[in-house]
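Only one chain is given next, in C-alpha cells, and it is the form predicted alone.
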Amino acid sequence: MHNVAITGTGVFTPDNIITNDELVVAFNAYADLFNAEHADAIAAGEVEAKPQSSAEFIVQASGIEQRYVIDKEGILDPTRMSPKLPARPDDAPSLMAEIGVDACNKALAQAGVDAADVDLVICAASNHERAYPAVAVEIQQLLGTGGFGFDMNVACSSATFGIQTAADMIKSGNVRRALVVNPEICSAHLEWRDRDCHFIFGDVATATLLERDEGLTGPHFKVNSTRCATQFSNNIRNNNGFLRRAHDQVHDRRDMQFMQNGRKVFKEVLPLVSKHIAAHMADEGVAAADLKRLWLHQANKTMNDYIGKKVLGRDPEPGEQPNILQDYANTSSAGSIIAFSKHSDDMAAGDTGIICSFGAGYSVGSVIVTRA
C-alpha cells in the first residue's frame, strides 16, 4: 500500500460576473412580463403570480453576493432567462473539457508535474455535457496524459468521491498520479425563472492532482483518510435524462432543472453531515482541537456555520472555516475545492484540515489532510 498526497490544485473562473442587483433586475423584469401575459388567469386564481425578488432576500437566504458565469447575456435576458452556449462541432473541444483543461493545467503547474506523467483522469461533476464519449477521456487527450479516464457523478459530492476513488487507486498501486477534474456549468441546470432558487448557482472548474507520496519535495498535503456515504432522498432532484423523449416530456417542464425542498434539506442534511464528519474524525483519532481548517461544500452560509459549530464545538474563528460562496455562489462539487485551493497556503507543517462536500443523493464525502 502506498501513501497519497495532494500536490496541486487549479481553479478556472469565468470572466463574467452577475451581481445580485443585476440578477434581480432581470428576474423582476421577467416576473412582470409573465404576470402581464397571464393577468386574466392570475385574476381568476388559475395561475400563481410570479413574486418579485430582491438582493436583500438573496443575501439573507444564502449569503451569496455574486456569481461567475460563462454566459451572462442570456441569463439576464428577461425573455430567455438561461445561458446561451453555442453548440460546437464534434471535432471541437467540448465546453466542459475546455474549462477542465484550464483547471488541470493550473494544478499541474503548481505541482511541477508534466501532463504525460499522469496516469488517471476522473471527470467528477454534477452534470456531464454528453453521455459518451466520456469527458474525462477527452480531457485526457487534450492534456496528453497517459493511462485512462472516466466520468463520475455524485452531484455536489462528486469532487470528494472522485478524490477517494483516485486515492484508492494510488494506494493499491494501480496508478501513480491522478487528476480529479470538476467542471461545473451550473448555470445550465438552474431554473433562473424560479424566485426561490434563481440566485443559487455559478460556473467554475476545479482540478486536484493526487500523487504517490514518495520522494515529494514541494509543498503538499498528505491524504490521511477518506470517507464517503450516501442516503437516498428526492429532496434535491433533476429529472432530466435520456429517457425524456420516450416519456413524451420534451416540452418545458420545471422538474427538468434543479429542484429542491430547502426546508427538508436543511433538516436532514445538516445532522447527516455533522455526524459523518464527527465519526470520521473519531475513527482517525482527530480531535476538534486538532483541526486548523474546514473546507466545506459552498451551498449556503447558514448551513456551513451550523456544521462548523457542530464539528468544532464552538463558533469557528475567522479563517477556520473559509467561505467563498459570497463570490462564487454554489458551484456544486467544485465549491469545497475552491475553498481548499484559495485558503490552504497559510497552513503550517503538521496542520490538519478536512475537505467535505455534501448534497443530492443525499451524499457526503470527507477527506482528512495534513500539511507536509
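No experiment lies behind these values; they were computed from the predicted model shown. The first residue of the sequence shown is number 1, and the count goes up from there.
Below, we refer to the form predicted together with octanoyl-coenzyme A (CO8), which is not included among the displayed structures.
**Student:** Find the only residue in R293, H198, H220, K106 having a heavy atom within 4.5 Å of octanoyl-coenzyme A (CO8) in the predicted complex.
**Tutor:** By the 4.5 Å criterion, the partner-contacting residue is H198.
**Student:** I need to confirm a contact call. Of I307, I70, I58, A339, which residue comes within 4.5 Å of octanoyl-coenzyme A (CO8) in the predicted complex, counting heavy atoms only?
**Tutor:** By the 4.5 Å heavy-atom cutoff, the listed residue in contact is I58.
**Student:** Within 4.5 angstroms, counting heavy atoms, which one of the listed stretches 343-351, 320-328, 46-54, 33-41 is next to octanoyl-coenzyme A (CO8) in the predicted complex?
**Tutor:** Selected range: 46-54.
**Student:** Does at least one non-hydrogen atom of G262 fall within 4.5 angstroms of octanoyl-coenzyme A (CO8) in the predicted complex?
**Tutor:** G262 belongs to the contact set for octanoyl-coenzyme A (CO8).
**Student:** Is I99 part of the interface with octanoyl-coenzyme A (CO8) in the predicted complex - any heavy atom within 4.5 Å?
**Tutor:** I99 lies outside the contact set for octanoyl-coenzyme A (CO8).
**Student:** Test of understanding: in the predicted complex, would C228 fall inside 4.5 Å of octanoyl-coenzyme A (CO8) by heavy atoms?
**Tutor:** Output for C228 is no: heavy atoms all beyond 4.5 Å of octanoyl-coenzyme A (CO8).
**Student:** Given that the partner is absent here, does M303 sit within 4.5 Å of octanoyl-coenzyme A (CO8) in the predicted complex, heavy atoms only?
**Tutor:** Because a heavy atom of M303 falls inside 4.5 Å of octanoyl-coenzyme A (CO8) in the predicted complex, the answer is yes.
**Student:** Can you confirm whether S126, L190 and A299, the three residues that make up this candidate site, all sit within 4.5 Å of octanoyl-coenzyme A (CO8) in the predicted complex, judged by heavy atoms?
**Tutor:** All of them do, each having a heavy atom within 4.5 Å of the partner.
**Student:** Within 340-357, which residues have a heavy atom closer than or equal to 4.5 Å from octanoyl-coenzyme A (CO8) in the predicted complex?
**Tutor:** Contacting residues: none.
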